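Here's a solo chain for you in structure tokens, the form predicted on its own.
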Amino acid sequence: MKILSADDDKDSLALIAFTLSQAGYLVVKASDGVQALRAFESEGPDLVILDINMPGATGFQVCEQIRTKSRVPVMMLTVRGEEEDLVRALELGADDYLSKPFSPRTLLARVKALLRRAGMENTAPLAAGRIRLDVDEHTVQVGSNPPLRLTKLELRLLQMLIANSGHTVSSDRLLMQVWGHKGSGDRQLLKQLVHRLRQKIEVDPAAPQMLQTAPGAGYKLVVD
């Protein structure tokens, strides 16, 4: 499940991304309204969280643009608490509204409720080719082989790769997704994590066919 979060407050954006990634969601981040619209087009998220006060394009404007082409659930965030903002957000097609500051537990509960209402909150395994990932059980199954247990970090890494199967994912983006926020991981740790994951999904980890390295760029999952 992929969520787009757009907020020009770096601390708020990092908190949202960390909270949701800890819960097993893939998070795409944008720091202004223009980036949010671009990310919406390129990433195809399952849910969108928009701060109202953003440069480039406000959350209201982004929501309005999204509603011309999609019914994806949209949650609006703001430091304001005026009824006028709430009414405007709902009239533009927003599905929920959360005032800052908020607790991570409240955010997560509201996100899950939105996804349930949209019929998208399910526990079906993620799949790409012969690889099946069970997020709830923390297991991966390749073909008819028995499922293997994954660590939390291995799970997050494989989630991101499956969601972008066939495309290179940059090392910076993987670091952000796996470790939660910038600076908590580095490329050597990522390299070690990729090595451990290859031991579980590759026939020959020394000559990987599925979890491939894109030199100088990142990693890519290639599946039949």
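Fair warning: this is a prediction, and the values are worked out from it, not measured in the lab. Each residue number is its position in the shown sequence, starting from 1.
One more form of this protein exists, namely the form predicted together with the DNA; it is left out here, but the text below deals with it.
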| query | finding |
| --- | --- |
| Contact check for 130, 145 and 220 against the DNA in the model of the complex, heavy atom at 4.5 Å | no |
| In the model of the complex, the one of 38, 67, 167, 191 near the DNA [non-hydrogen atom within 4.5 angstroms] | 191 |
| Contact of residue 198 with the DNA in the model of the complex (heavy atom, 4.5 Å) | yes |
| Touches the DNA in the model of the complex: residue 103 (any heavy atom, 4.5 Å) | no |
| Exercise: residue 153 in contact with the DNA in the model of the complex, heavy atom 4.5 Å | yes |
| Distance check, residue 209 to the DNA in the model of the complex, heavy atom within 4.5 Å | no |
| Direction of C-alpha distance change in the model of the complex, residue 155 to residue 41 (at least 3 Å) | closer |
| Direction of Cα pair change residue 153-residue 10 in the model of the complex, magnitude 3 angstroms or more | farther |
